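Before any questions on binding or motion, here is one chain by itself as structure tokens, the form predicted alone.
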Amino acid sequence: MRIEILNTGTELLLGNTVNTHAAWFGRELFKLGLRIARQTTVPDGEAIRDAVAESLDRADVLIVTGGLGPTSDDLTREITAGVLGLEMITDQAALRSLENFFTLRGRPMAEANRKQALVPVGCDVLPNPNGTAPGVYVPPRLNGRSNCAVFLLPGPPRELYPMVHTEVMPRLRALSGVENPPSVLELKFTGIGESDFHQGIDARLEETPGLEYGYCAHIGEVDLRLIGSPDVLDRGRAIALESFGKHLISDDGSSLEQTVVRLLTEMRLTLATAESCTGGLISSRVTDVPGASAVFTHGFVTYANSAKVALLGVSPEDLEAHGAVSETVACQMAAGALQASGADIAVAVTGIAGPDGGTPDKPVGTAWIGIAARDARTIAFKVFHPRNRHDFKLAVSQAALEAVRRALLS
């Protein structure tokens, strides 16, 4: 089944609003064994007409989001009805629902809202308990232009997502006839490049019958996506782990920070962080994970050298002799965080985010990561990530969390 998504809204093209619908639809549709064939974004108004007409000639299902509001540029209903040659009428049930929506909130309904009850003749009205814009379903039998089912849905996620689950998914399931959706397995790896994956396992994955696979590279991470039957997924997983098992973060879609929190929880250990160049990003990532409060004790953000001395006990003489971005200081930061927090393990980072501040010996992108643990020797290692400040911080935080993961496993 060829499914196309048409997102409408000038704000999506101006960059004022981030379009998250494609990723969400992709995940939800895959649960039914369905895929998005194409996604298109157009501004409000007449641009919708050409986009709808083009999709109707290609797709089996067209899902349109946005443009169902009461304003003059909300024209999705009217344009779609015009393209399909369907008359518009006021649906009395939809109008009563609109009136009740405003009555319950003690607000008068503007005359402009009445247009939201307009529906092409013969179409299904999709209730919207979370907003004023009901959805519309145009069954293939009403589409005199092509055999394409059309869904007109509100744009705001708080209205769109519940409507998709309750109204759209059952209809798509019936239309598609897919009874046994394929399984998917996502394995996350770090410390290995995407090209190394291609060279290392592509040929063997390609030779596995019934296996669909793909890669998605992020900063400090490569995700391997396997699709197929459970037996096929087991074979694909074994191939990947045989070559890159030590780099595996998770095989259940868990992020690196989720994996670290899980390991700490299972081992009943606690973690502290000491951050300079990452400015608290490592702590933020860890505390984004539910349950982190049981394993995370302290997060020291010691951006200034004076803070490193006062809070972590870093030697002023060593700062002078070696500089803040050095093995010596990274070790002292980690050891100081361990002692001050009472945690079982501590990770420290210090580096040069740029764009200024680098030297020939320590260019922009250089960072040192220190690891300290109870009854173990404190160590530090150097990484080099010459990126913009945002990506540098993300890459260093990734390397630091991976250092914690490996320390826990060892």
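Values in this document were obtained by computation on a predicted structure and should not be read as measured data. From 1 onward, residues are counted along the sequence shown.
Quick note: we don't show the form predicted in complex with another copy of the chain, though the next part is all about it.
S.K.: Tell me, out of L311, M88, L175, L319, which residue has a non-hydrogen atom within 4.5 angstroms of another copy of the chain in the predicted complex.
M.R.: It is L311 that has a heavy atom within 4.5 Å of the partner.
S.K.: Among A373, I63, V42, A59, which has any heavy atom within 4.5 Å of another copy of the chain in the predicted complex?
M.R.: Checking each option against another copy of the chain in the predicted complex, the one that comes within 4.5 Å is V42.
S.K.: Among 343-351, 34-42, 362-370, 377-385, mark the stretch whose residues have heavy atoms within 4.5 Å of another copy of the chain in the predicted complex.
M.R.: Residues of 34-42 come within 4.5 Å of the partner.
S.K.: A395 near another copy of the chain in the predicted complex, any heavy atom under 4.5 Å?
M.R.: Residue-level check for A395: no, no contact with another copy of the chain.
S.K.: Check G280 for me: does it contact another copy of the chain in the predicted complex (non-hydrogen atoms, 4.5 angstroms)?
M.R.: Contact with another copy of the chain, yes.
S.K.: Looking at the partner-bound form in the predicted complex, is R235 within 4.5 Å of another copy of the chain by any heavy atom?
M.R.: Contact with another copy of the chain, no.
S.K.: For F296, is any heavy atom within 4.5 Å of another copy of the chain in the predicted complex, or not?
M.R.: Because a heavy atom of F296 falls inside 4.5 Å of another copy of the chain in the predicted complex, the answer is yes.
S.K.: Taking heavy atoms and a 4.5 Å limit, what residues of 197-217 are near another copy of the chain in the predicted complex?
M.R.: Contacting residues: Y215, C216.
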